[in-house]
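Take a look at this single chain in structure tokens; it is the form predicted on its own.
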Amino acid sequence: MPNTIQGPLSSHRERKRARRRREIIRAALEAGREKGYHATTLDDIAGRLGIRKAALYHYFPDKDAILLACHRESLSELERIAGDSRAVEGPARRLSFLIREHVRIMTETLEGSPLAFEVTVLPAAARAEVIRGRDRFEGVLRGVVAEGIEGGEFRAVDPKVAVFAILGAVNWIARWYRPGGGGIQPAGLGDAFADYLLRGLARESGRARP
């Protein structure tokens, strides 16, 4: 006979644990945005949550593990939008969707935190995991650009260079974006980036329309 009490209690504990892990990640993103990864300590993260540093060890063994969790969250989002993009018709519209959603990840999921740049500090296995995830997303973008070139929507450019330019522009958001600062809204920022970056791929006789 199933334990009807243990089930709901266990599920509640799992949700509570997941919520607390998410709170720790957000505190780390906030601290990293203000102080940088290297200057941020576990005490800084715990202090933003009003808890003792020792409490963090129930969820993460060290600061690198928190950083890896930040990357895994963003990579999961990139995998999701790459999948969702397959339902968008046409290379230009698909690329516009991917750019806008990538900007959203930088401004909302990662909150404009420079932790998005911190990869080399991770242990080799974790670093390789993050790089593989990034490479997969880069491959999706290259495929869309190549399709647009073949179909005549985009100019005949090097897809590799074009994607490097797109990723460089979007990733650099972490260097200057601040939530709520300067009146810049994430949704509008995504639209602007998609417009600017697709203009660079437009054919001479027309424009790649998102």
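For every residue, the number given is its place in the sequence shown, counted from 1. Quick caveat, the model's predicted, so the values are computed rather than measured.
We do not show the form predicted in complex with another copy of the chain, though everything after this point is about it.
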| message | Looking at heavy atoms inside 4.5 Å, which stretch does another copy of the chain contact in the predicted bound form, given the options 44-52, 159-167, 23-31, 58-66? | response | 159-167
| query | Does the trio 72, 82 and 146 actually contact another copy of the chain in the predicted bound form, every residue with a heavy atom within 4.5 Å? | reply | no
| task | Check whether residue 186 has any heavy atom within 4.5 Å of a heavy atom of another copy of the chain in the predicted bound form, and answer yes or no. | result | no
| residue 97, heavy atom within 4.5 angstroms of another copy of the chain in the predicted bound form | no
| task | Mark residue 199 yes when one of its heavy atoms lies within 4.5 Å of a heavy atom of another copy of the chain in the predicted bound form, and no otherwise. | result | yes
| query | Relative to another copy of the chain in the predicted bound form, which residues of 11-48 have a heavy atom no more than 4.5 Å away? | reply | 34, 35, 38, 39
